[in-house]
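Let's start with one chain on its own, the form predicted on its own, as structure tokens.
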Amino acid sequence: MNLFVETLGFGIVSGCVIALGAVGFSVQFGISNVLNVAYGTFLTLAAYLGYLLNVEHFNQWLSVVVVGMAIAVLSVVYNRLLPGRLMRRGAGFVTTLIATVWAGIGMLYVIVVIAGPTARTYQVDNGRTLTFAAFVLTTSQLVVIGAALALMFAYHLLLTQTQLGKAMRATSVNPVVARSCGIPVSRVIDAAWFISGLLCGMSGVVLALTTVTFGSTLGTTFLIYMIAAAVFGGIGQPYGAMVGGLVVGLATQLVGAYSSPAYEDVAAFVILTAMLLVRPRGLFGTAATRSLRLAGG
């Protein structure tokens, strides 16, 4: 029983990190209708940038914010140069998808050439170990949970209580109508990619902090987890991605605890495959034409 409860604690931590990345992935798709496979490479880049700051003894939590902002800016530039430009020129969904795959592979090779193939290890201050009933968590893990919940709540407020959030929801439903109503769609798309890049960068650094030792495959591996979470909740549905992240995090940790950590990736694949077969539009998806959209409430 203790193993089960302890695993639940680790699953919640893992789920929060996966949920952040999955929400960022869903925001990109919900606004732009772009399945950005290069998202995994941006996760890897964030981990390496965080490592550079870690080597310089930069505060580990401040580095999460700094790298998140850097990836956010890079995300906007990337969208303007590649997916956004292709979409404006009339490229189809598959063409844009292939372009993001090409971009992701190209950027990953550049990272490997510069950083080298060897794994890197963060110097992490996990703080004190705290026990709640049978839950055993460090203060660092509690910070991750608290920060993830705060960011998710802040994103909820953005969607439901701000003009930008309303513009994002309108753009995700029908960008043509949104533009005719005076909404600056191009700026809204930039804002969406900035937000998704911010979440991607922050989750990439936190992933590296929680795994401690990482390599160039970090982003590719966890992209599967995040896609599984996004598909579980309904890709393009940020609230669904939050729920999906927790489900995937808990499921993979339980499988790793009761069988082998090598099967954690398999658990994510099983969740992804099962949802695609049973309910392709996801748990919170709808059958509407633009069902893959931001569900801002």
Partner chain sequence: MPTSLDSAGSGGAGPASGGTRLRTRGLTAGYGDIRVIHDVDVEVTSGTMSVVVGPNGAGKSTLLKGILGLTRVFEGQVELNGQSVTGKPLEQLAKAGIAYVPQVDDVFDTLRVRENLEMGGFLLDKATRQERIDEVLEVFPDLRRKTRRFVGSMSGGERKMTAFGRALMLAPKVMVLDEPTAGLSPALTQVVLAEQARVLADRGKAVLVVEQKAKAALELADWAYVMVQGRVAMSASGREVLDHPDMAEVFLGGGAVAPGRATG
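Residue numbers count along the first chain shown, from 1. Bear in mind that the values here come from a model prediction, so they are computed numbers and not experimental data.
The protein also exists as the form predicted in complex with its partner chain; that form is not presented, and the subsequent description refers to it.
In the predicted bound form, at least one heavy atom of residue 174 sits within 4.5 Å of a heavy atom of its partner chain. Taking non-hydrogen atoms only, residue 184 approaches its partner chain to within 4.5 angstroms in the predicted bound form.
Its partner chain is not drawn, but in the predicted bound form it has no heavy atom within 4.5 Å of residue 129. Although the partner is absent here, residue 167 sits close enough that one of its heavy atoms falls within 4.5 Å of its partner chain in the predicted bound form.
With the partner omitted here, the stretch from 143 to 151, 68 to 76, 175 to 183, 205 to 213 that lies within 4.5 Å of its partner chain by heavy atoms in the predicted bound form is 175 to 183.
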